[in-house]
Every structure is written in structure tokens, then in C-alpha cells.
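The chain below stands alone, shown as C-alpha cells; this is the form predicted alone.
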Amino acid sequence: MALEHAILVSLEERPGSGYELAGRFDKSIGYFWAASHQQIYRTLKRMVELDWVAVEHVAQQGRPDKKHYRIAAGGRAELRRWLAEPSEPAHLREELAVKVRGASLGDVAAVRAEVARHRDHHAERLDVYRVIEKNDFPDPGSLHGRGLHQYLVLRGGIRAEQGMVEWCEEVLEALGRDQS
């Protein structure tokens, strides 16, 4: 997926300034597709040139004009094209898995510590996702359309983080037994 498509989805959900869009990437959509603020601003400029995004300059007192972006007809067409395009299933590409596989070639205790660090990180993210689920989707059975789609992505994140926490726990237990 290109950053352009993540931006198109976000702008279709809610138009806004580059700053607001970057804030969304720091929060919701950024959990699933990360981008720096610089990448977002560069990509927005390119998308305006492609006529995928329209920009309105809003005057501000004592500050430069604010740019307010919204998806344009060309962007909607590109989004429809991209949504219909088949995508490749993701392959697990996890540096931690390679470290676990090679643990016997180095310091197993250091690898265990790294696995514990990853487990804690995934557990923290899982907690964040569960708070979002509780606050933003208190009645998932009533969801439809955009709300349902956002919820389903969040559920995918919850399941992925649960799986990583469980796998890290399994690795820690097994490596602990192996060192005994």
C-alpha cells in the first residue's frame, strides 16, 4: 500500500489540514500505517499535483495561511481503483523471530530480555487498542458502514497484538526451560 492510499482513506473520513492529518497518523490510522509528518506533507503536495486532493488556503491572523485538504474526484476514483485491486498477503518479516532462531549462537539471556521487551511493547499497544474499542465502539453489534469498517481494522490490531503477546510468552517460557 502506498502512503497516498492511507491519506485518501483518512481524508475521505474527514478533511483537514496537514497538521490534523499528521495527528491522525500519530493516533488511529498510524497504528496500521506509519508515516512521518514530512512524508505526509510531501505526499499531500504530490497528491494535489495529481488532482487527487484539493487544497483550500485559509487565512489566519499573524500566521501563514492554513492549508485545508479534501479528497477530490480524481482521488475518489484512485481510491476505488485501489480498493478493487488485489493485494498480496503479508509475509511475517519480524527481526525478533530471526533473533530467536539464532539465540543459541549468542547470548540467550539477552535474546530473552529482548523478547520480554517486545512482549511489554505489544501488551501496551493491546491495552491502547482495548481502550479505543471500549470508548469508540461500545456497541459493535449496531455498527455499519464506515464505523463497522474502522472497528474491524481495530479488531485485527487487537488480534495481532494478542497473538504477539502470547507468542512472546511462549518463547520466554521455552527459552527459560532451555537454559535450565
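The numbering used is simple: start at 1 and walk along the sequence shown. From a predicted model like this one, the values you see are computed outputs, not experimental measurements.
The following text describes the form predicted together with the DNA, which does not appear among the structures shown.
Between 138 to 146, 62 to 70, 113 to 121, 151 to 159, the stretch whose residues reach within 4.5 angstroms of the DNA in the model of the complex through a non-hydrogen atom is 62 to 70. Mapping the unseen interface onto this chain, L3 counts among the residues with a heavy atom inside 4.5 Å of the DNA in the model of the complex. The DNA is not drawn, but in the model of the complex it has a heavy atom within 4.5 Å of Y41. Although the partner is absent from this view, K134 stays clear of the DNA in the model of the complex, with no non-hydrogen atom inside 4.5 angstroms. Contact annotation for P15: none of its heavy atoms lies within 4.5 Å of the DNA in the model of the complex.
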